[in-house]
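Presented below, as structure tokens, is a lone chain in the form predicted on its own.
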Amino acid sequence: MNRLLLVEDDMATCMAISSFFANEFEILVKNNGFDFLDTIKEFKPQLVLLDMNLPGPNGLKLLASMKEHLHSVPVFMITVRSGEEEILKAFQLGASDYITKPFSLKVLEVRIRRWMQKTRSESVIQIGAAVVDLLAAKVTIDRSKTDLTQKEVLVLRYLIANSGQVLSREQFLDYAWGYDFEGTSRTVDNVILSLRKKLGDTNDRQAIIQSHRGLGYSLNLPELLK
């Protein structure tokens, strides 16, 4: 059963959502913003419903803190705030949807189902001989499965989103590690090397992930450019 993390301090809303989705999700309720990332790591939800106004860090701060998890965990904001500034900020920070209170539980259910179906259909991609499931973080080659690390998934997502473009090591670091990362660009090289091995990308002349001396890396998948 999929797991849903509900971060909401209004008890009536918690009870209504928990009751309505009881047969579809294993639900964990948090009534404040404290220890949020620890809960994400321990509970490993497939979906987060996140209120804006909470005791402790607010919803936008919690959303911003989830950067490295957003590739696999969609976040629906549920809030009484309906101002354009709040909505735009939430989407800029990576929210998958924004739902203002009061809302219909049936409408929420439809939006969740559509998003999860869409996400699942777009998460599986063929890269050379490898079938990559970005949500499950797995690579399959000839029925042999290999796990991807969190950073490998982020780097691969960034390459896919910018297929055909040369991306610098600094761009990878900003996207996958964050602006406050204190390591070196060699970290990117190590992740790329590991990705190539797991994808079976060993033909230097026709490499799928191509190296550009002094510039960075690009993904050579013509079908993504159509």
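Counting begins at 1, following the sequence as shown. From a predicted model like this one, the values you see are computed outputs, not experimental measurements. The term rigid core refers to the maximal set of C-alpha atoms that superpose within 1.5 Å between the two forms.
What comes next is about the form predicted in complex with the DNA, which does not appear here.
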Quiz item: Using a 4.5 Å cut on heavy atoms, which of A64, A161, L193, L37 is close to the DNA in the model of the complex?
Solution: L193
Quiz item: Given that the DNA is left out here, which of Q92, S82, Q126, Q150 has a heavy atom within 4.5 Å of it in the model of the complex?
Solution: Q150
Exercise. Indicate whether the candidate residues K197, S211 and G214 are all in contact with the DNA in the model of the complex, with contact defined as any heavy atom within 4.5 Å.
Key: yes
Quiz item: the DNA isn't shown here, but in the model of the complex, which of 96-104, 142-150, 127-135, 83-91 has heavy atoms within 4.5 Å of it?
Solution: 142-150
Quiz item: Does any heavy atom of N203 come within 4.5 Å of a heavy atom of the DNA in the model of the complex?
Solution: yes
Quiz item: Using 4.5 Å between non-hydrogen atoms, is F43 touching the DNA in the model of the complex?
Solution: no
Quiz item: Is there any non-hydrogen atom of T184 lying within 4.5 Å of the DNA in the model of the complex?
Solution: yes
Practice problem: With heavy atoms only and a cut-off of 4.5 Å, decide whether R169 touches the DNA in the model of the complex. | Solution: yes
Quiz prompt | Threshold 2 Å Cα movement between the shown form and the other one at K151, rigid core reference | solution = yes
Quiz item: Core aligned, does the CA of F172 move at least 2 Å between the shown form and the other one?
Solution: yes
Quiz item: Would you say M11 moves between the shown form and the other one, meaning its CA shifts by 2 Å or more once the core is fitted?
Solution: no
Quiz item: A137 to E26, Cα distance in the model of the complex relative to here: closer or farther, by 3 Å or more?
Solution: closer
Quiz item: Out of closer and farther, which fits the Cα atoms of I27 and L154 in the model of the complex compared with this form, where the change is 3 Å or more?
Solution: closer
